[in-house]
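Two forms of the same protein chain are encoded below as structure tokens; each is given separately, as structure 1 and structure 2.
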Structure 1
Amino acid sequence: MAEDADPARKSIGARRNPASADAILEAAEAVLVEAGYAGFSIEAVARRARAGKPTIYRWWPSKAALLLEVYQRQKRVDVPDTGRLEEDLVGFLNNLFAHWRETSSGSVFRSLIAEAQSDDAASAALADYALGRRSHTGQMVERARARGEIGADIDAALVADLIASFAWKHLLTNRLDEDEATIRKAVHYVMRGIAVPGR
């Protein structure tokens, strides 16, 4: 922890104090991990960060904004590039599940989704974020299309959406411990389809 050096942070003049901002974001993450979304309140974050509530409200107009910045601050999951889309997608889902499971980002993202159901700003931010991630993840698909691995008319964003949907639902229903075989099967369905070829 960095904040123990300065138990009473002061103003550094008429500008944002990065030490405060950091302390607040760290505290927000810690509160979320320790008390969950239910215990995530601005008061709790302020207490933990030894910050005043107005300092938080000054920079983050809502709980959602704070949540969003906490989430964006975290390391992103790598998008693999093995040369084979199926492997890329399985690897991506594996990485994502592990990341959500093993760091605090799972909790943070769940909270963000929950918050978005009652806060319009969070909702818009989440939609935006999802859009961005969709095109990011879609790059895997686009690379495969460029390689001729999949049909030229395939909608990369839609595929990315399908894959992300699968991940979201697992996150939201506490099923991040899915084994790789299931993930692989799901990806395989999307790659090869489930219909009997001849019909």
Structure 2
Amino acid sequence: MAEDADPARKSIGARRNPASADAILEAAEAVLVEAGYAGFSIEAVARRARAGKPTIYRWWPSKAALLLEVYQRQKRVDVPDTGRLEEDLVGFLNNLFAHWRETSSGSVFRSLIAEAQSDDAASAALADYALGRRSHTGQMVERARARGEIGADIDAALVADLIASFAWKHLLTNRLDEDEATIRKAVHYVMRGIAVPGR
């Protein structure tokens, strides 16, 4: 897609004007609600925000990057800290599935994943986002390691990837109504591979 990325636009780190950035993000959310993912465009956001396309591209180098920030603004998923990793992971997945199911975020993220299969800009934006989420989810695993609940040699990032792959599979196959017993079983299988014996 011609508008999705411009290799010359590299000033992603340019300092943002907070008021202008908020106006653009609010306009992007509004366009997304009104036109859906298929009708979302940088031109439409620029018109709605009364901002120039160069300003938008200075802060978001592609349509996918802008959509991912909109997605992150919408995302309200509690990350439990119960003192037990198994309960934390089950609670996190339950919260994530409910959020995807009950808001437009699930549809937006599903579309972004699909677009990333054929669009380099979307793929790069999604990879950057996934790296950050991997670290965020991995914090639950790191807490468990500090408690001695899992082995010291366990790769927290890899465990986070296993949890994410379970979640993304359910998102992409529209199975977000999975019952807690199945979620708990999947987490239990992961725990059997990483828990310290006797814990």
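Residues are numbered by position in structure 1's sequence, first residue being 1. Note that the rigid core is defined as the largest set of C-alphas that superpose within 1.5 Å between two forms. Note that the coordinates shown come from a computational prediction; the quantities given were computed from them, not determined experimentally.
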Any idea which of the pair is the form predicted in complex with a further copy of the same chain? 1
I'd like to check whether I150 and G52 move within the same rigid part between the two structures. no
Give the turn angle of the smaller rigid part between the two structures in degrees. 27
Once both forms share the same rigid core frame, by what distance in Å has the CA of L67 shifted between the two structures? 2.5
Quote the shift of the Cα of A38 between the two structures to one decimal place in Å, the two forms being superposed on the rigid core. 5.0
